[in-house]
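Form predicted alone, single chain, as structure tokens, below.
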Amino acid sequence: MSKIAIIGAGFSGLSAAAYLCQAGHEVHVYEKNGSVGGRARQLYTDEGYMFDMGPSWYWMPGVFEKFFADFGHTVSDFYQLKLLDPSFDIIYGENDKMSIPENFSKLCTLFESIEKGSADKLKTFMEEAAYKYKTGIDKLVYKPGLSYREFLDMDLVKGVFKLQVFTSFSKHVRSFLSIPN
């Protein structure tokens, strides 16, 4: 049994600690903040407000499901998710906001109301995003990151331009929609 120190009690540190403990190691986790969670922690003010310090979207649900399954649990053993509608509001000014619906069909209708033809462009954008997500999950997320050779996968090499790893997200979005700089 090894004694292992992990610095940081965010998702990565806590999950690494859990897997190492499961493998029989003695693990000590050190966190500079007063609470665990890293970017996912919450800040409470003296005035009674609560702020999420990081992620407000639930990305990669399969990663969370796999993690809990590795320990004999399900996500619902620990928390319940609630789909919000609207998903969020974009506030441009004091009396100027746009509510983003959770329903994709309604989102397409909203896009179309702003720019004719943009619903089809959004669908193409989402198809590309689905490819990138699947490739990321299947080829990148579970790699240990010990050597660059792990990423010398023919599918990745062939798809590096399709994945657009050298293009900024802003430039990529602008290739689909008329968005001012």
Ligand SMILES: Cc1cc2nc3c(=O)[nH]c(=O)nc-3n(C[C@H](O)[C@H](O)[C@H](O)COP(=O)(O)OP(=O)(O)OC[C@H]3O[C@@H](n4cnc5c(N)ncnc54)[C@H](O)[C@@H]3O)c2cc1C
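In this text, all values refer to a predicted model and were calculated from it rather than measured experimentally. Note that residue numbering follows the sequence shown and begins at 1.
As for the form predicted in complex with the named molecule, it is not shown, yet the points below apply to it.
Enquirer: Kindly indicate whether 86, 97 and 101 are, all three, within 4.5 angstroms of the named molecule in the predicted complex, using heavy atoms.
Expert: No residue of the spot touches the named molecule in the predicted complex.
Enquirer: Given the stretches 66 to 74, 137 to 145, 38 to 46, 114 to 122, which is the single one in contact with the named molecule in the predicted complex, using a heavy atom cutoff of 4.5 Å?
Expert: Stretch 38 to 46 is the one.
Enquirer: Examine residue 62 and determine whether its closest non-hydrogen atom to the named molecule in the predicted complex is within 4.5 angstroms.
Expert: Although the named molecule is absent here, residue 62 would stay clear of it in the predicted complex, with no heavy atoms inside 4.5 Å.
Enquirer: Looking at the partner-bound form in the predicted complex, is residue 12 within 4.5 Å of the named molecule by any heavy atom?
Expert: Contact check for residue 12: yes, within 4.5 Å of the named molecule in the predicted complex.
Enquirer: When the contact criterion is heavy atoms within 4.5 Å, does residue 30 count as touching the named molecule in the predicted complex?
Expert: Yes, residue 30 is a contact residue.
Enquirer: Is there a non-hydrogen atom of residue 126 within 4.5 angstroms of a non-hydrogen atom of the named molecule in the predicted complex?
Expert: Residue 126 lies outside the contact set for the named molecule.
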